[in-house]
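The data below hold one chain only, encoded as structure tokens and taken in the form predicted on its own.
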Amino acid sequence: MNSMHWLRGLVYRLRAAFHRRRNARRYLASRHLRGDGIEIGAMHFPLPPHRGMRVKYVDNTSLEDSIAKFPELRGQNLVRPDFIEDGFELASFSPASQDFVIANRVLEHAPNPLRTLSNWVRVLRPGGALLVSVPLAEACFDRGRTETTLGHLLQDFQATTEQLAARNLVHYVEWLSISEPAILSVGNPAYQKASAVEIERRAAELCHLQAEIHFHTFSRNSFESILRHFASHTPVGLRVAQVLETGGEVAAVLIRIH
């Protein structure tokens, strides 16, 4: 099989996985999401709302800035954010102000996932739902990276700002050693991985810039166990209503009890 046939096969598999993910997200939304809520980081893949949902969008950049940052997305159906702010914090949102929060393929970008989950749950009304999904590391360019454990996330949650930056540096090195080469080598047999010295240099630069990467990686089992621990240890009261693996990702719905 030549490289062109391999690349076409990859595109076909990615498209099939995307449609499975989209259908799974719609199914979870139809079962658990109602009322007024927000979607974080929807970009060009917003969750299509059903008639019982009214959605507003949160992103850390404007539509124009997103197009400037990702020119390959020009002409695609990017949503215009209603709120431009840090979606990990949701600082402008009052507690218990939303019926639902949607965050698809966002949590893996958070340097401190347990804090981010706490912020998302904070804005839910009692009975409100959080729909959150992450990619499966073994099904994407993160394959081969160290799976994030609950213990690791607990240490992130307890770390100071300086300690978290040092911990992030390790993630940048792993990203540059495994994830970025997996992305750049697709269809490019001449691609050569950077040296260890160059990786260390770039990792320090990315850490200084607080560049966005996949900081954490998950399997179905690890993600579910993390969510169940989080649900049982948060003061607002949560239950894990459903966990669904499909199309290279795992999605879950958490319901706020009180």
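None of these values were measured; they are calculated from a predicted model. The first residue of the sequence shown is number 1, and the count goes up from there.
One more form of this protein should be noted, the form predicted together with a small molecule, which is absent from this view; the next part is about it.
K.L.:
When the contact criterion is heavy atoms within 4.5 Å, does residue 86 count as touching the small molecule in the predicted complex?
P.N.:
Residue 86: contacts the small molecule in the predicted complex.
K.L.:
Give a yes or no for residue 152: in the predicted complex, does one of its heavy atoms lie within 4.5 Å of a heavy atom belonging to the small molecule?
P.N.:
Looking in the predicted complex, residue contacts with the small molecule do not include residue 152, since no heavy atom lies within 4.5 Å.
K.L.:
Consider residue 27 of the chain shown here, and say whether it contacts the small molecule in the predicted complex, taking contact as heavy atoms within 4.5 Å.
P.N.:
Contact check for residue 27: no, nothing within 4.5 Å of the small molecule in the predicted complex.
K.L.:
Applying a 4.5 Å heavy atom distance criterion, does residue 37 contact the small molecule in the predicted complex?
P.N.:
No, residue 37 is distant from the partner.
K.L.:
For the chain shown here without its partner, which stretch in 28-36, 57-65, 185-193, 219-227 has non-hydrogen atoms within 4.5 angstroms of the small molecule in the predicted complex?
P.N.:
The contacting stretch here is 57-65.
K.L.:
Select from the listed residues 122, 115, 167, 105 the one whose heavy atoms reach within 4.5 Å of the small molecule in the predicted complex.
P.N.:
The option sitting close enough to the partner is 105.
K.L.:
Just one of 233, 208, 44, 50 has a heavy atom within 4.5 Å of the small molecule in the predicted complex. Which one?
P.N.:
Only one listed residue qualifies here, and that residue is 44.
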